[in-house]
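Quick setup: one chain, the form predicted alone, written in structure tokens, and binding and motion questions come after.
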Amino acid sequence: MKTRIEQVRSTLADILKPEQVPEIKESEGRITVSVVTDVPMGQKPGFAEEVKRRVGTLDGVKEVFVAFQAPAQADAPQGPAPLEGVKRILAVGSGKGGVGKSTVAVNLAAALVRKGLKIGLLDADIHGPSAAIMTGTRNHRAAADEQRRVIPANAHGLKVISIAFLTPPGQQAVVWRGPLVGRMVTQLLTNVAWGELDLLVVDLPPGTGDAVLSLAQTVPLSGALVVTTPQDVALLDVEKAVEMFQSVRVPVTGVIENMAGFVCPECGHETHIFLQGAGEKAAKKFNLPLLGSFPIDTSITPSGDEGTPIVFSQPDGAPAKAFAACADKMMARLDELASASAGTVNLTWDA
């Protein structure tokens, strides 16, 4: 009589070779199947469902999990490589969560789209993606083009990619260890049909983990933006984020201070709920520009929850204008950094 492991291998034999299933684990009727395959990202959810369906037919199996592994590539290129068609890549990060980093990233990207630029947005937060909700693309399912690259969702002209497009409908959590997170960020960068982009905005997860390292090792970053809140206690987290980017040789574009005050929706008066100045202090300490300071506005969060960033839903409102102004400063700063890295010298001749 075959063991359970042998039964699993047997039922998968016509779609996976033995070497493509390096490990099978069983615990109280729950089967975890490790699969080594080069199936493109857009086809992985369907492939995983087929594996689950086949293994699920075995007696006594209660639940099936599929863990994908990338095939070993001895000739894989080393070091960062540019993305075809993408002129610049900007990382948006923070030393901690809860600072409104994703709101800032999404609305800055939207502001640049409204200025006529070709912009992409990559949600690199594998464990807590939010871009799909904030851009109204939560029901988008990934599909592949002829070159087996994932096709981004389109949100008002903004190209969006998120792990949410690749997980099976109804799956609420991605429970992965660090190395898997790093590999997925790499795939979300390189195996996507981005097309021609003036700028790709990458919304990073909070902290200083694998996603940031994978990003810096995979593509050359034009700059990084650090988002913080105004309290002094947040200053330590800003310093960690700046030092993290500097350690991987990514130039920091500047600092944005979010939740800098509360704007009353009735009278328009701004109240400073928190102690002020963390963003400005961090900018001065590291000789960086403070690119923007955004108050808490009760119109911003509902717009994101409803799937339309405030820049798109209320383009003539104060928040949209503030994001547009910040976007202008950010692009000017990227130009400045590009000139510095190219060793450009500007000469002025007098008569």
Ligand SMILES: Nc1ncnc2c1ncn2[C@@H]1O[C@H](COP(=O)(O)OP(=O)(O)OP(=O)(O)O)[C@@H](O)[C@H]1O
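A residue's number is simply how far along the shown sequence it sits, counting from 1. Only a predicted model underlies this, so the values are computations on that prediction, with no experimental measurement involved.
In what follows, reference is made to the form predicted in complex with the named molecule, a form of this protein that is not presented.
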{"query": "Ile296 within 4.5 Å of the named molecule in the predicted complex, heavy atoms", "finding": "yes"}
{"query": "Touches the named molecule in the predicted complex: Lys101 (any heavy atom, 4.5 Å)", "finding": "yes"}
{"query": "The named molecule contact in the predicted complex: Pro251, any heavy atom under 4.5 Å", "finding": "no"}
{"query": "Distance check, Asp125 to the named molecule in the predicted complex, heavy atom within 4.5 Å", "finding": "yes"}
{"query": "Options 279 to 287, 27 to 35, 300 to 308, 60 to 68; stretch whose heavy atom lies within 4.5 Å of the named molecule in the predicted complex", "finding": "300 to 308"}
{"query": "Listed residue that, although the named molecule is not shown, lies within 4.5 Å of it in the predicted complex (heavy atoms), from Gly182, Gly223, Gly136, Pro206", "finding": "Pro206"}
{"query": "One residue of Met259, Leu83, Leu197, Leu166 in contact with the named molecule, assessed in the predicted complex (non-hydrogen atom, 4.5 angstroms)", "finding": "Met259"}
